[in-house]
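Coming up is one lone chain in structure tokens, specifically the form predicted on its own.
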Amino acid sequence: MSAVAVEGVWKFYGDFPALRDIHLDAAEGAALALIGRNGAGKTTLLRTIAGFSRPGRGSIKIFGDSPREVAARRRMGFIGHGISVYDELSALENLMLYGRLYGLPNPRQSALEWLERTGLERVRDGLVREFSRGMRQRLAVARAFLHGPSLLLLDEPFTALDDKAIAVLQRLLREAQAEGKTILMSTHQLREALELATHVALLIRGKVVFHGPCTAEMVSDPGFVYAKYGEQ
């Protein structure tokens, strides 16, 4: 079974087709980098796969289920442009809240583990509104990984992260790969993404113009895919 199967998906904003007949497949354990210029449709596609937005046409399956079904949502972890943590709660309270929402058997234990893994254990009782942006970013990373998702959906995950948050996220993604988890990552920061990717999909004006394995040539020359498939 595919981890993610996208079949003939269109997404319209009014009469404008933001996504045009998208066909995409990610096997379990794959790391798929969605690349393209700003406005190519990467964020729209990722949010539609995550179930935050409904396609106008076509279908999406996450491990065989609709992305809006509870079974699929519990298998997904999402990092988007917004940090999505509660300012008036402590770091520990934030993660315990999400742990309860995901039905974890011991939310406190899981929260403490992920605070330690993201370097936030010393500020676990501090209010998030008092955190630096980098600390908030690491808390958002902890939130996404907290429930042990089988599928990680990352929208421009390295954008605006500080160096420590980048290092934490890269380490956790490599660990997730080693555990056989599936990663879909939209980005225009090619070098970081291609170092992790097993597959690449290039979007131009809402359409997938290339989808295939990530090769050594792509890693050594991140602009190779753009040059070969028509977008300079």
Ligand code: ATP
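Sequential numbering from 1, following the sequence displayed. Note that this is a predicted model, so its numbers are computed, not measured.
As for the form predicted together with adenosine-5'-triphosphate, it is not shown, yet the points below apply to it.
J.: Heavy atom to heavy atom, is Gly39 within 4.5 Å of adenosine-5'-triphosphate in the predicted complex?
T.: Yes, Gly39 lies within 4.5 Å of adenosine-5'-triphosphate in the predicted complex.
J.: Given that adenosine-5'-triphosphate is not shown alongside this chain, does Ala18 nevertheless sit within 4.5 Å of it in the predicted complex, heavy atom to heavy atom?
T.: Yes.
J.: Residue-level contact is defined here as any heavy atom of the residue lying within 4.5 Å of adenosine-5'-triphosphate in the predicted complex; does Thr198 satisfy this criterion?
T.: Heavy-atom contact with adenosine-5'-triphosphate at 4.5 Å: absent for Thr198.
J.: Using 4.5 Å between non-hydrogen atoms, is Arg133 touching adenosine-5'-triphosphate in the predicted complex?
T.: Answer no; every heavy atom of Arg133 is more than 4.5 Å from adenosine-5'-triphosphate in the predicted complex.
J.: Are Tyr13, Thr43 and Glu156 jointly within 4.5 Å of adenosine-5'-triphosphate in the predicted complex, each by at least one heavy atom?
T.: Yes.
J.: Looking at Arg122, Arg129, His81, Arg100, which is the one with a non-hydrogen atom within 4.5 Å of adenosine-5'-triphosphate in the predicted complex?
T.: Of the candidates Arg122, Arg129, His81, Arg100, His81 is the one lying within 4.5 Å of adenosine-5'-triphosphate in the predicted complex.
J.: Of His188, Lys164, Arg57, Lys207, which one comes within 4.5 Å of adenosine-5'-triphosphate in the predicted complex, counting heavy atoms only?
T.: Looking at the other structure, the residue within range turns out to be His188.
J.: Among 190 to 198, 169 to 177, 58 to 66, 30 to 38, which stretch has residues with heavy atoms no more than 4.5 Å from adenosine-5'-triphosphate in the predicted complex?
T.: Going by heavy atoms within 4.5 Å, the stretch is 30 to 38.
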